[in-house]
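So this first bit is one chain, no partners, the form predicted on its own, shown in structure tokens.
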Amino acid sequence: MRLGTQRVNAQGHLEVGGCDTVQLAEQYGTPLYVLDEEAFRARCREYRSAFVGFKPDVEVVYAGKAALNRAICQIVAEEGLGLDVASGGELYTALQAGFPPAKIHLHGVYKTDAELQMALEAGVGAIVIDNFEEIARVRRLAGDMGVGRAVPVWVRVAPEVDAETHPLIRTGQRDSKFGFHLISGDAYRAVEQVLGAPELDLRGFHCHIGSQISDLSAFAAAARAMVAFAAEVRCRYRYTAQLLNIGGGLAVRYLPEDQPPSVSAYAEALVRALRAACAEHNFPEPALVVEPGRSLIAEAGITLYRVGAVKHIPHEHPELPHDYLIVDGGVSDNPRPQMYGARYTAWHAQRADQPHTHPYRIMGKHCETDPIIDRALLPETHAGDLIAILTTGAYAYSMSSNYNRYPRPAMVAVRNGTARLIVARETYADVMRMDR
């Protein structure tokens, strides 16, 4: 499975963005996050062109929680996308990177006063209201700060859509902590409060049903639910939503057998469902916002590890290989396998041209049982070899930690044979910097 600009070069090495991964590891060390910049940019353009073909008034917004730093913000801005941030740290990063505030949307199930104040001072494009307390706090802060204009807001709705994905990454179902629920009537009460607040300017409604979703009917169901809600709001309060944000969540390829829907199929299914629902409810078709994160950047990222030890383990588990590769990273640079049982594909970076037929269990170096891949097929592999884990562009770097006091890895962006360091490797001094 090769993604983006990945290829095998004349030396038999894995190459990304025209850069030899073996040379990248030698220059920048391991573990190393590698961002295929051209693949990332191409995916941004694919999203924009796919939706424009079906519905010109669509805004594609990158969900920054997937991976965010200064360089990524700048790439997203250059490609003409908006930016969804879900914390003060993500918002601060975007502003420091020079991202246009009017194209930033602030999410979060609980935004502190400091986070809301930063958003109000910057003049972000929208604050997504998630609870009743937040309505009161945004009103109070806007008044205390003398904002001088009605604050643009969206109301987040839990659309009662139970998408087929891992339970920890479902966000639109009945027991979700996110948004105002339809079944309780809270969504309507929230709209009533926002419409009655002169400090707030209701621009539209938002929902998100989860992540890594392959079933397009789930997105269609979310669109139908949101149009039905908007139509009922119009009937009750004489307010017509000009915008619906249906979130993101499209699946990506982690394994060779994965066959996620194409972006164009996703766009067509979503727009068709939106239009059909609008016709059914006699509701004027609103503008559409989508928030892809994982499906923009996941396949553009790989992680390079150095094998430190090879062990033959005499276990009796029928599905696990007996040969273990212990690498120089693990749960601190990618917790997803432990959190979700996430599965990945490995590639031997130095012998990429050889048959990948020998089964290995790839394990991290932490004081945990931290498998990265339970069963990976590689050529015969030895200590000192370099392996690449594919599709790590989303939620590896952004969820990394200093567990066991390990410094976080560096990140390089590669394009047209040139590598540029976009995140420096932490040092032990960095890990201790906040200690007192």
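Just so it is clear, the structure is predicted and the values come from calculations on it, not from any experiment. Numbering starts at 1 and runs along the sequence shown.
Absent from the display: the form predicted together with a small molecule. The rest refers to it.
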Location of the small molecule contact in the predicted complex, chosen stretch of 317-325, 345-353, 87-95, 285-293 [non-hydrogen atom, 4.5 Å]
285-293
is_contact(residue 111, the small molecule) in the predicted complex, heavy atom dist at most 4.5 Å:
no
Classify residue 63 as contacting or not contacting the small molecule in the predicted complex by the rule of any non-hydrogen atom within 4.5 angstroms, answering yes or no.
yes
So in the predicted complex, does residue 188 come within 4.5 Å of the small molecule, heavy atom to heavy atom?
no
Check residue 248 for me: does it contact the small molecule in the predicted complex (non-hydrogen atoms, 4.5 angstroms)?
yes
Sort through 406, 40, 51, 395 and report the residue having a heavy atom within 4.5 Å of the small molecule in the predicted complex.
395
